[in-house]
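Shown next as structure tokens: one chain only, the form predicted on its own.
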Amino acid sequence: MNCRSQILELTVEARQIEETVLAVLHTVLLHRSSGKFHYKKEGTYSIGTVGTEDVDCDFVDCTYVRVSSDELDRTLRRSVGEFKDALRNSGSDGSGQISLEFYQKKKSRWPFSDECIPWEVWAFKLNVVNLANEQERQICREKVGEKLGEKIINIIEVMNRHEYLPKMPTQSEVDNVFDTSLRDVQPYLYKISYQITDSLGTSVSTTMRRLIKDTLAL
């Protein structure tokens, strides 16, 4: 099985880290989640509904749609919070990457553990810049909002392609494909990881600051 991957990149200030990452992860999981499976007998099942809700960002001019699941939101916020803290502790200007990997389990014979086979990975690279004043922050709020909106549209376009998804499992195999631990939604099995780079490339930092200065000059 070939694992397909998508890479997104955005430059933000520190207070925008959590909202931008959550917007991306929630958008992906909105399209990679289903309602809970209710099996009547082996091979026969019904799927519950998935609610959605709009989320207005506080530090970015952007509204995104997420699955209406407090459990899923809390799970994502824990991972994103760890990434945010690590990124902010790396210095005033830094960069990092957080990845959302979807996988399915392949049963192995005893005494070997199950094999996890990835089938899709979303990597989100974040560059963090330190801005001088509130006027620059307001411009950054608008510019990041525009870019984030473009990333969300890009995600939706990718999701609309007819590409590989794990086949619907039987009741005995559902835990090999879906995360069944949540009460109100059933995403495909996934894991989140991240890595931090201590210093940000000068070209990225300079580009954001030049963009802000050009806007101020208008």
Partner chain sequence: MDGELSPQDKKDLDKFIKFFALKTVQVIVQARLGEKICTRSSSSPTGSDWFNLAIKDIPEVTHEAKKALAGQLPGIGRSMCVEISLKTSEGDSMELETWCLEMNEKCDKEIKVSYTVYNRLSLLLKSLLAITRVTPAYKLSRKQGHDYVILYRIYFGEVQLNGLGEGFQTVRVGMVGTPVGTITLSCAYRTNLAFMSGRQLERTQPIMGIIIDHFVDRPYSGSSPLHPCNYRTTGEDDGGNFPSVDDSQEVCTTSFSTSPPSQMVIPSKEGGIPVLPLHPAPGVQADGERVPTCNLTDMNQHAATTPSSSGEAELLSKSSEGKSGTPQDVLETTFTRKVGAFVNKPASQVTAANMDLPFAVFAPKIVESEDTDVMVNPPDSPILESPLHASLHSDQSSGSSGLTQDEFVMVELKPAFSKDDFLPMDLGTFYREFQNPPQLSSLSIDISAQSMAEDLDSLPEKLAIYEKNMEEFDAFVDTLQ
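Numbering follows the first chain given and starts at 1. For clarity, every value in this text was computed on a predicted model and none was experimentally measured.
One more form of this protein, predicted together with its partner chain, exists but is not displayed; see below.
Using a 4.5 angstroms limit between non-hydrogen atoms, D179 is distant from its partner chain in the predicted complex.
When contacts are judged by a 4.5 Å heavy atom cut-off, H31 counts as touching its partner chain in the predicted complex. Heavy atoms of Y45 reach within 4.5 Å of its partner chain in the predicted complex, making it an interface residue. Heavy atoms of L189 never reach within 4.5 Å of its partner chain in the predicted complex, leaving it off the interface.
Residues of 151-183 lying near its partner chain in the predicted complex, listed in sequence order, are I152, I153, I156, M159, N160, H162, M168, P169, T170, R183, the criterion being any heavy atom within 4.5 Å.
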